[in-house]
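Below, in C-alpha cells: the form predicted on its own, a single chain.
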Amino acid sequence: MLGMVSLAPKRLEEYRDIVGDAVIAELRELARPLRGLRVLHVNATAYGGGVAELLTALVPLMRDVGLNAEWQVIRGADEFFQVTKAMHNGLQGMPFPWSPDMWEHWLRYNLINAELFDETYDVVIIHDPQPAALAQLVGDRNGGRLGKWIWRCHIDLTDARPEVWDRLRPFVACYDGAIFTLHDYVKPDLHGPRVYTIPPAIDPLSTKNTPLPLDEVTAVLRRYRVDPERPLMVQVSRFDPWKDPLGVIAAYRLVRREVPDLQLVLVASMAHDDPEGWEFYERTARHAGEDWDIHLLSNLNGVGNREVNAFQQAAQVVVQKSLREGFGLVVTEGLWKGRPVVAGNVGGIPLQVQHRRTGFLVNSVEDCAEHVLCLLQHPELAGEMGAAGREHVRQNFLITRYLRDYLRLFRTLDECEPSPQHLGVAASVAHPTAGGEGYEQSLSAHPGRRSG
C-alpha cells in the first residue's frame, strides 16, 4: 500500500444553503447507481498546493454519496522530487538540461510505488506527472490492469518542452481516460485515452473559505505585524517562478508611488514535493530587501488555512500575477471572499476573472500596478467587482460542481463512445475576453482520441 491519507468526514447536506436544493438532489441522483464503487486518488503530497486541497474535500464527499473512495500518496525522496519539479517546469515550457539519469530516477521511484500498489479498484485517478508511470507499471507487473485508470493533469501543457512531453506521452497514452482543466491544454499528439475537461473548484466550508469575524481577522494581521488600518495587497502562492512573486513586488513598488502606505503580503505553503520553493523564497526575500511593509509568510511560521483566509478577507486587492497557471484555486478563493482579483491573463485564470467585471486580467508588471491602483482609488468599483466575483464562483467553481463532474465521468467509463452532449460538464462558464466581449465555453468530454 502507498501512504493512506486520513480525512475528516464531510456531509453533502451541509452545502444545501449555499448551492440550493436542486444541486443536492442532482448529486444524490447521479451517485445512486455508483454506490459502492471503489475509487482511489493518487498524488505526490497530502498538503501544500491545490491538488491536496481539492482531494481533502472531494474524497470525503464521494464517500458521503456512497462511493468507497480513498486517497493515497506515493513514496519519494529528494532526488525524485527534484526531478519531478524540473519535469513540472518543463511541461509548462521552461527549458532545462535533461539527462538520462533524471528519467531513470523518475522511473525507478514509479516502479517502487508500483510494487506497493497491492489492491484493486474500480477507478484509479492518478494526479499529475509525478506518479504518471503507475498505470503502465502496475499493468506490466500484474499482466494487465484491473478497473479504469484516469490521468488527471492539473497543469497547462500548451508550451510543454518536447523533450519532456515526448518521454511522458507514452505513459499517459495507456490510460483509459485523461482529465484536463481546459481542452486547450490537451496535446494534439495524445492518442489513446478518452479526454475530459473539468476545471477545479473550492470547498466553501473549508477553514480557508468560511467567513471569519472581523476581530479574528484583525488579530491575525496584528500577529504578523500587518497594520489592519492600512491598505493591503495579497498574493497567496508557492514561491515559484511561474507565480512571479518578483513581479508582484515590482508592481507593489510602482503602486507605492501613489499609495505610500500600501502593504504587501506574500503567503506560501512550503510543500515537500517542491524543493525549488526554498531557492525561490530566498530570491524573493533578497528582492524584498529591507522593506518592512513586504511580508513573506508561510506554513513554516504558523500561517495555516485560517490565517490565509484572514489575509484574503482583509485585502483590498487580491493578486495572482502568474506567468503560467493551470487554473489557480487561490483566484477562486479571493473571488469567493468578495475581493476583486488582479491576475495574469494566462491558463485557467480567464475562466474565473472576468475582465472588468470580477477583476482585471493583466500582462505585465506595469499593467498589474495600474489596475491595483485603480481598485485602491475606487473602492465602490472594487466592491461591485467583488460581489460579482463571489456569485460567479458560487455558480461555477464550488466543490459540489466538481463532485458532479466526477460522478458524470464515472457513469460514462463503460460506454464505448460518449458524446460531448451526454457528458457535458454542464457548467458553461461565460467569461469576457480582455476586451469585454463575452462568450460561452463548454466544459465537456471529448471522445475520439483513440488509436487503432
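Numbers follow the displayed sequence, beginning with 1. Just so we're clear, the structure is a prediction, and the values are computed from it rather than from any experiment.
One more form of this protein exists, namely the form predicted in complex with a small molecule; it is left out here, but the text below deals with it.
For the options Arg194, Lys208, His127, Lys321, the one in contact with the small molecule in the model of the complex, meaning a heavy atom within 4.5 Å, is Lys208. Taking Ala369, Ile198, Ile150, Val236 one by one, only a single residue has any non-hydrogen atom within 4.5 Å of the small molecule in the model of the complex, and it is Val236. The stretch among 213-221, 286-294, 305-313, 142-150 whose residues place heavy atoms within 4.5 Å of the small molecule in the model of the complex is 305-313. Taking non-hydrogen atoms only, Glu333 approaches the small molecule to within 4.5 angstroms in the model of the complex. Remark: Asp156 does not count among the residues lining the small molecule in the model of the complex, judged by a heavy atom distance of 4.5 Å or less. Remark: Arg339 does not count among the residues lining the small molecule in the model of the complex, judged by a heavy atom distance of 4.5 Å or less. In the model of the complex, Ile74 stays away from the small molecule, with no heavy atom inside 4.5 Å.
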